[in-house]
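Only one chain is included here, represented as structure tokens and corresponding to the form predicted alone.
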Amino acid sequence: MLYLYTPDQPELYSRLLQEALPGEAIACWPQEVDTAAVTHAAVWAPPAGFFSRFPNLRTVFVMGAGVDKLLQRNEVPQDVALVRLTDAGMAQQMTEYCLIGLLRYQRQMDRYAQQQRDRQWKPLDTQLARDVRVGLLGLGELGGRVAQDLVRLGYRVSGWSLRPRWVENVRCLHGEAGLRELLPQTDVLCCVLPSTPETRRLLDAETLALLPDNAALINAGRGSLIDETALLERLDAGRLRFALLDVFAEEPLPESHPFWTHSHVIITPHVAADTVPEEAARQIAANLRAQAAGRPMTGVVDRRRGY
């Protein structure tokens, strides 16, 4: 049996999964079931202790790309496979989100907004896409797609990952040396990395200082990637033009946080890339069929790496 837990649109997900898996027994929380019959779960933000009720659980499908919060919980046995969504309609949304910040920088909309407040009519020099050096942190399923999308739009894209990767028409760097090479050559830094022990506080005071003066920062990955105090200090010092932030160390962002009122920070409430229900159901169904046939599933999480 597949047991579904999602606070948002449970009826829609239940219908889509039943249509994609007509022969599968599917139940949706808070429906009462024989817990011993549950072998698979599809979840988003389940409550503490949720998995402990299912002694025969084999696979957990995470209805999103991030699995860091589940990996921090000890109630999912090591022999239970964790499977994340790969893309599921999120890559295009992530590209669009990065473009919001890129165009704000390239077309100098932040400066024109200040000129409007000052009632100042002053055309600025034209910048073309090819004039903007984009640094992209994260070259996995989502990041690789975003990098290629931005290249097709004419941007000069360099990408970084923890380990070597290859993306067509993208300059790819990796490791500590690669990060130190990338940052000084970046006008707009886009972060789409997951949260892992290796990426937490990757952008601290030391690494943020490697960015050129007046660079911009976009974070659509995870809030733990950035030392928020160090970011604020750099913004206050006028060393960064602006930061577009979708994710934070604490969510929802506390009302007292200085990001809310900072003139060079744009906040969105973790909406850069939402799961598309139809694509999520398709991937879960395909993985269930693959597992039943003894074929490898896509998106299986390596717990050691955290993604």
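It should be emphasised that the depicted structure is a prediction, and the values quoted were computed from it without experimental measurement. Residue positions are given as counts along the sequence shown, with the first one as 1.
Just so you know, the form predicted in complex with a small molecule exists too; it's not on screen, but the next bit is about it.
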property: The small molecule in the predicted bound form: contacting segment from 220-228, 70-78, 203-211, 102-110, heavy atom within 4.5 Å; result: 220-228
property: Residue 281, heavy atom within 4.5 angstroms of the small molecule in the predicted bound form; result: no
property: Proximity of residue 192 to the small molecule in the predicted bound form, heavy atoms at 4.5 Å; result: yes
property: Distance check, residue 178 to the small molecule in the predicted bound form, heavy atom within 4.5 Å; result: no
property: The small molecule contact in the predicted bound form: residue 307, any heavy atom under 4.5 Å; result: yes
property: Check all three, 131, 188 and 216, heavy atom within 4.5 Å of the small molecule in the predicted bound form; result: no
property: Single option in 98, 157, 142, 182 placed near the small molecule in the predicted bound form, where near means a heavy atom within 4.5 Å; result: 142
property: Interface residue in the predicted bound form among 244, 41, 273, 240, criterion: non-hydrogen atom within 4.5 angstroms of the small molecule; result: 273
